[in-house]
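Read the single chain below, which is given as structure tokens and is the form predicted alone.
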């Protein structure tokens, strides 16, 4: 008997005849923010802004009418000359661009080509599926205005638009809104890594800069 078979045999033995039986999971954890933490809807949005900023993301609140101008200004400020965006990004979001070459992400012939096509781009503009105030986390699920996962993993700069009504208080609230069968990307600020001496380095495996625009509709 191989080591693998030995280990699997012990696992089956430990599981016993009740294998496959659903194990009750306690669901008595807190699902919503208390009134003390965020008494109003505006406080939930403010808490998200505070927490995502703690993750070293830049956060700005804009109105829907200001969004296109704000995006153009942000890309100019980041010296982004070539960007990419999901093909279904609302057209108006990039309507104010000047001096920035924006391309829509279109299907490639194969997966390798699809990823290589992102090399050399300065940034990406996307929306999101939901954002979480308590943790300052943004979740993308590949839905409208979000594109494929590689879009937000390869370019060095990510500008993410979060509508205020997409912000929830807690992780359980966010999970309740999400489809677990979709490819979920959870973003907690710019990409970072920390070595054994706790030296923090940003942007090794993804965007080193994350700008978040909270749109107050």
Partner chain sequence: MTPPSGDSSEGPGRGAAPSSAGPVPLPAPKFATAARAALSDGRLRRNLAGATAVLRARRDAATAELDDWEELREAGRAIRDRTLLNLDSHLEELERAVTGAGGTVHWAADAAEARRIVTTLVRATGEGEVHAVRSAVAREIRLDEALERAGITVRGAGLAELVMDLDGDGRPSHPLFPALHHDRARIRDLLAGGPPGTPADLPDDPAALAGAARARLRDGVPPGGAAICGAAFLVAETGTVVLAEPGGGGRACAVLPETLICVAGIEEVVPTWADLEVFLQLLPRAAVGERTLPAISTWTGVTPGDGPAAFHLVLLDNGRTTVLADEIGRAALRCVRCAACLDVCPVYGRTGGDPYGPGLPGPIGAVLTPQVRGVESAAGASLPYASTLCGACADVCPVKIDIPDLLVHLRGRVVESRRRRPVPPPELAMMRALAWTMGDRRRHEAALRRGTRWARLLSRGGRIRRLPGLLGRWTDARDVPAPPAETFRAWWRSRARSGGTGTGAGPEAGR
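In this text, rigid core is short for the largest set of C-alphas that superpose within 1.5 Å between two forms. Positions refer to the first chain, counted from 1. All figures in this text were calculated on a predicted structure; none of them were measured in a lab.
Not pictured, yet referred to below: the form predicted in complex with its partner chain.
*Asks:* Report whether the minimum heavy atom distance between residue 35 and its partner chain in the predicted bound form is within 4.5 Å.
*Replies:* Flag for residue 35 set to no.
*Asks:* Please tell me whether any heavy atom belonging to residue 115 falls inside 4.5 Å of a heavy atom of its partner chain, as the geometry stands in the predicted bound form.
*Replies:* Because a heavy atom of residue 115 falls inside 4.5 Å of its partner chain in the predicted bound form, the answer is yes.
*Asks:* Heavy atom to heavy atom, is residue 187 within 4.5 Å of its partner chain in the predicted bound form?
*Replies:* Yes, contact at 4.5 Å.
*Asks:* Do residue 54 and its partner chain share at least one heavy atom pair within 4.5 Å in the predicted bound form?
*Replies:* Yes - in the predicted bound form, heavy atoms of residue 54 and its partner chain come within 4.5 Å of each other.
*Asks:* Where, within 172-190, is there a heavy atom within 4.5 Å of its partner chain in the predicted bound form? Residue list please.
*Replies:* Contacting residues: 172, 175, 178, 180, 181, 182, 183, 184, 185, 186, 187, 188.
*Asks:* Once everything's superposed on the core, is residue 27 shifted 2 Å or more at the Cα between this form and the one not shown?
*Replies:* After core superposition, the displacement of the residue 27 C-alpha between this form and the one not shown reaches the 2 Å mark, so yes.
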